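First, one chain by itself: the form predicted alone, in structure tokens.
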């Protein structure tokens, strides 16, 4: 029997199975095919992913896929098609709305979590710093922010795009327009196309759920989403139906740390050696990840450059002897 595919995702919080939009999209798609994916651990260490990023699907043929669209195509090749029951018109509508999400809602989502100063400092950066291992938790969130800003500039088609009140108003206006159109299309239905979720439902859920569930200092986007009852109920119902364990979980900031049971440490043989080996392995993994992603570079110099320069008087003496 072939080994199952394995999905690597960012860990969950805020009552969500993952804090990442792309991970939420993929996880929801896979809930329709629970027999297909047998393992999908939530992690907070991109270097533990086979592709160095999250999400990542490692297939039983040792192929690694990271983009949700590529993972969905892979599932279709395995005869797991979330859009199998859609008509040609519904399929075209689905693609149009997914494009609308990427064009209108995704830029506002990036701005809300990664650019807006208070949200980034008090929520996004704090969450990743608390869930990552030392020492990457000091600089990796800032590097992730830079990449998200580059993605925002690419989506907006402006390489000189800078944060500001005018940009925020424009992005939130486009996002509100997108959510209004989605609300009109959904109406009073459970899902966008019938009684079974499609890939569009996964994309909408992945984009809206973090906005709905995360407590942000600047919650303008969240306020508009909550004013659209059918979209808010859409996200809440999906969490209850497909991720009941996560929907009942408390946010990490409200969780009380669990105290170790008496005798647990005494029952672990060679505890100090295991701790040392674990720390050594983690350090090696983090350094490898930093080198592979370009966060740390090693420059090689010529051995001659390290030597002391020759004495000019000594050179002159040799030249005089040569002339003689």
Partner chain sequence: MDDQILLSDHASSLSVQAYLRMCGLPIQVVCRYNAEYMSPSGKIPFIHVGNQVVSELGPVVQFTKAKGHSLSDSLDDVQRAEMKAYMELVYNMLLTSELFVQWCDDATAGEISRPRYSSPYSWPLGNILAYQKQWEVRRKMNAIGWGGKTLEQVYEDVNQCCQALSQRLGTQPYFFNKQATELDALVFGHLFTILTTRLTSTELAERVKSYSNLLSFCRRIEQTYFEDKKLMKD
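Here the structure is a predicted model, which means the values were calculated and not measured. Positions refer to the first chain, counted from 1.
Keep in mind the form predicted together with the partner chain is missing from the figure; the text below concerns it.
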Requested in this report: Only one of 102, 85, 162, 122 comes within 4.5 Å of the partner chain in the model of the complex by heavy atoms, so just point that one out.
Outcome: 102
Query - 4.5 Å heavy atom contact, residue 151 to the partner chain in the model of the complex - result: yes
Query raised in the report: Using heavy atoms and a 4.5 Å limit, would one call residue 184 a contact residue for the partner chain in the model of the complex?
Result: yes
Query raised in the report: Is residue 58 one of the residues lying within 4.5 Å of the partner chain in the model of the complex, judged by heavy atom distances?
Result: no
Requested in this report: Tell me, yes or no, whether residue 96 is in contact with the partner chain in the model of the complex, where a contact means a heavy atom of each within 4.5 Å.
Outcome: yes
Requested in this report: Given that the partner is absent here, state which listed stretch (130-138, 195-203, 163-171, 85-93) has heavy atoms within 4.5 Å of the partner chain in the model of the complex.
Outcome: 85-93
